[in-house]
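A single chain comes next, written as structure tokens; it is the form predicted alone.
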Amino acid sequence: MTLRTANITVQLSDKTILNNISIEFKTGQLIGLIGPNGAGKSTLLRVLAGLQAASLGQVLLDEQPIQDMAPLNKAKKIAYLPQTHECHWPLSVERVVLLGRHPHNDRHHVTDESLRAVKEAIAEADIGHLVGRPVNELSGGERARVMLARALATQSDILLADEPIVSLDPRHQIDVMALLQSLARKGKTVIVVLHELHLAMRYCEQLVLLDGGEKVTEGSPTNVLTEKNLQEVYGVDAVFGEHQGEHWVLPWQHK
């Protein structure tokens, strides 16, 4: 399943948020959207999900504009995990995860397939010990993993996640990134907004670097996370190295 943007421009209140963005997202890859605050990463993710209209250009899923797709069909193909994890109702963890199956169920019947998908998503997100608890009583990190499970339960071909590890402890950051990488290697297209450059370097196959609504560059992590790009885009100097055959980067100081 191919997903690409063709000359996407987004203007809000006379301000250009994204400018002429064209990217082809390859199936079976974990792709990171990176860049400083205000670069347009979250807006691009919302455009890909069909939640934010483009002023110009279009998003194509298997060469079909997503705005022409029926909402239910689109919801089966694309799962979106937003940046915020608020839940204003005292729903149980499993009920929240089951919401991810909404595109597959009717209002009066939950299928066995959906129950299996929920069970698998709970296991993948490592939240089995939270089952039965109200989501609005959980910590921020726990809620983040519940919302990830909800997105996983959709079992869509494409997963869009906006900062999925921002409130997690180091162990669960690593676990979630490894899970997303595993999903990509099984054939999903997984696109994530990230600020953790060391994890972007380690787990992503491709990176797209944005700045000021423009695409600066895209490619492999080692080709994108260079000393020059980090200085020019982030304004930082970094330390680079290699461990167990993998490259790492650590932003070190303000340039």
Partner chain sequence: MDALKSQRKEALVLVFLLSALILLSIYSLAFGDINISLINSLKSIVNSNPTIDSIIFEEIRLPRTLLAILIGASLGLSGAALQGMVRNPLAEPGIIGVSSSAALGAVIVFYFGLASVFPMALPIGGIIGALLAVIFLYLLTGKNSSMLTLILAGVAISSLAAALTALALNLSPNPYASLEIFFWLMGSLADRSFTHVWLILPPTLLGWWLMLSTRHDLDALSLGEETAQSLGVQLQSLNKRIILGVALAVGSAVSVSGGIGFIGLVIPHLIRPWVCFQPGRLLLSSALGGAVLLLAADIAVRLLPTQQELKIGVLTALLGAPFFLHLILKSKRQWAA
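Predicted model, so just to flag it, every value in this text is computed and none were measured. Numbering follows the first chain given and starts at 1.
Although not depicted, the form predicted together with the partner chain is the subject of the following passage.
Proximity of Arg133 to the partner chain in the model of the complex, heavy atoms at 4.5 Å
Taking the distances in the model of the complex, the answer for Arg133 is no, it never comes within 4.5 Å of the partner chain.
Test of understanding: in the model of the complex, would Leu168 fall inside 4.5 Å of the partner chain by heavy atoms?
So Leu168 does not count as contacting the partner chain.
In the model of the complex, is there a heavy atom of the partner chain that lies within 4.5 Å of any heavy atom of His198, even though the partner is absent here?
No, no contact at 4.5 Å.
Mark Glu86 yes when one of its heavy atoms lies within 4.5 Å of a heavy atom of the partner chain in the model of the complex, and no otherwise.
Flag for Glu86 set to yes.
Every residue of Ala75, Arg95 and Pro103 near the partner chain in the model of the complex, heavy atom within 4.5 Å
Yes, all three are in contact.
Even though the chain is shown alone, can you say which residues of 1 to 40 have a heavy atom within 4.5 Å of the partner chain in the model of the complex?
The stretch does not touch the partner at all.
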